[in-house]
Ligand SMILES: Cc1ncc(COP(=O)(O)O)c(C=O)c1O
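Shown next as structure tokens: one chain only, the form predicted on its own.
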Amino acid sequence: MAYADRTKLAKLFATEVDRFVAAHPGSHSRHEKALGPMMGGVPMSWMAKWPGGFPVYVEHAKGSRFTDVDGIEYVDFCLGDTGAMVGHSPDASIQAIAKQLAQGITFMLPTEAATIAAQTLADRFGVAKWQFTLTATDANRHILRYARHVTGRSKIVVHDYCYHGTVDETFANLDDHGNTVSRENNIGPQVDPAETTIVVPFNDLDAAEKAFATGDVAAMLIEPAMTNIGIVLPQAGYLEGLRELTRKYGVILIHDETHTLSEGVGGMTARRNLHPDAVVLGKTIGAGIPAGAFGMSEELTKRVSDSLHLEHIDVGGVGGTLAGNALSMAAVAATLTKVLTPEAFEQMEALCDVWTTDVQNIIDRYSAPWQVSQLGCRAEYSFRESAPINGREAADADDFELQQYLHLHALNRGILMTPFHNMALMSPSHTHEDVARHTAHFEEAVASLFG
């Protein structure tokens, strides 16, 4: 465990729970009412993971802040776990969304906004042809289907402790003997993931080549930096080495940039001059309106197009009646061109530099055995002394009770952190004042543990 004095930690947490309950009667009342018609009192089960016994209910959100039903204002560093990385309800996006709402929401027909969105993504990522979905999960599912279709191979490769949405093939880990097994607490897997998937450690080119050499692998689906088990950054040459190996073995390389878009307008793909066969995006690009996308190289697009038949493309398992709907496309086009601009990313990353420096200075001042990693405008501290190099190292450093205490401590001081991470994300609306509020909370919390 990352913190030895569990008795002290439990007492500190209990104090914060009492403070939270006393300050949030409105949210508590709404949660009690919600327990009647909803499992766990929440519309999706993972919403029950917030610390304190019940979730906060939001009254109004704008930019980097929101106010709850008890009148408490918060600085939001969670931002819908990236879904609101543009800030809550940015004006340019809202204007385009409102205009499209009045003109029609969904037609199963293309709009000019879709062309603008696709061209913008092609220019930024260097990947030529784009398709749109409602989520990054859908986009990942679709591109994996295409990869199996054009290669005639059945398996995919993913990183140990990866997360790519609710894609069945990706809920797999390595056991202590290096075998691919179902991830712990995988809910109702369709088949043994070892039948569909080979898992390799992040930053391990030898393991990747061994997997590719089986001849069974259609695609490798990766985050260029892991972000869902804490931030795990690629070592020098790793991503370039994967590209060489996937070409050598005829494996389609897919970058899931849903979270790593935090490195800039073209994500890690553009900033680091990488050349995948496909790129997946989600969440952020629609400013909160459900939207996802996947882009394919000219070569992969031709392989896919040449192997499809017009008569049957509507029942092949790719797409959905709401995919590419007019409202989503209006949101994506406006958000990409008017909110997620190069200038905005420069500002966001500069502010994240300050957040990272402040957190690391506090860690050093109190000799806490922790460290901070940063990926553009996203940063996260982990409960280990050095940065993890793979998912297993990051997972082994996790401490759920310690994390819950720190999150609730933040919440009680008007700061929202992502409930599944120790992560902060900067939007174009965040300010130095917002960062200073987090710095004050973090120093108080670390002092309570190590002072």
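Each residue number is its position in the shown sequence, starting from 1. These numbers were taken from a predicted model, which means no experiment stands behind them.
Absent from the display: the form predicted together with this ligand. The rest refers to it.
Novice: Whether His159 contacts this ligand in the predicted complex should be assessed with a 4.5 Å heavy atom distance threshold; does it?
Specialist: Flag for His159 set to no.
Novice: Whether Asp76 contacts this ligand in the predicted complex should be assessed with a 4.5 Å heavy atom distance threshold; does it?
Specialist: Asp76 lies outside the contact set for this ligand.
Novice: Quick check on Tyr163: any heavy atom within 4.5 Å of this ligand in the predicted complex?
Specialist: So Tyr163 counts as contacting this ligand.
Novice: Does at least one non-hydrogen atom of Asn325 fall within 4.5 angstroms of this ligand in the predicted complex?
Specialist: No - in the predicted complex, heavy atoms of Asn325 and this ligand never come within 4.5 Å of each other.
Novice: Can you say which of 335-343, 220-228, 122-130, 89-97 gets within 4.5 Å of this ligand in the predicted complex, counting heavy atoms only?
Specialist: Contact-bearing stretch, as computed: 220-228.
Novice: Which of these residues, Gln371, Thr137, Thr356, Thr151, gets a heavy atom within 4.5 Å of this ligand in the predicted complex?
Specialist: When this ligand is considered in the predicted complex, the option within 4.5 Å is Thr137.
Novice: Which pick from Glu209, Glu240, Asp168, Asp81 sits with a heavy atom within 4.5 Å of this ligand in the predicted complex?
Specialist: Exactly one listed residue reaches within 4.5 Å, namely Asp81.
Novice: Go through 243-258 residue by residue and record those having a heavy atom within 4.5 Å of this ligand in the predicted complex; state none if no residue qualifies.
Specialist: Result: Asp256, Thr258.
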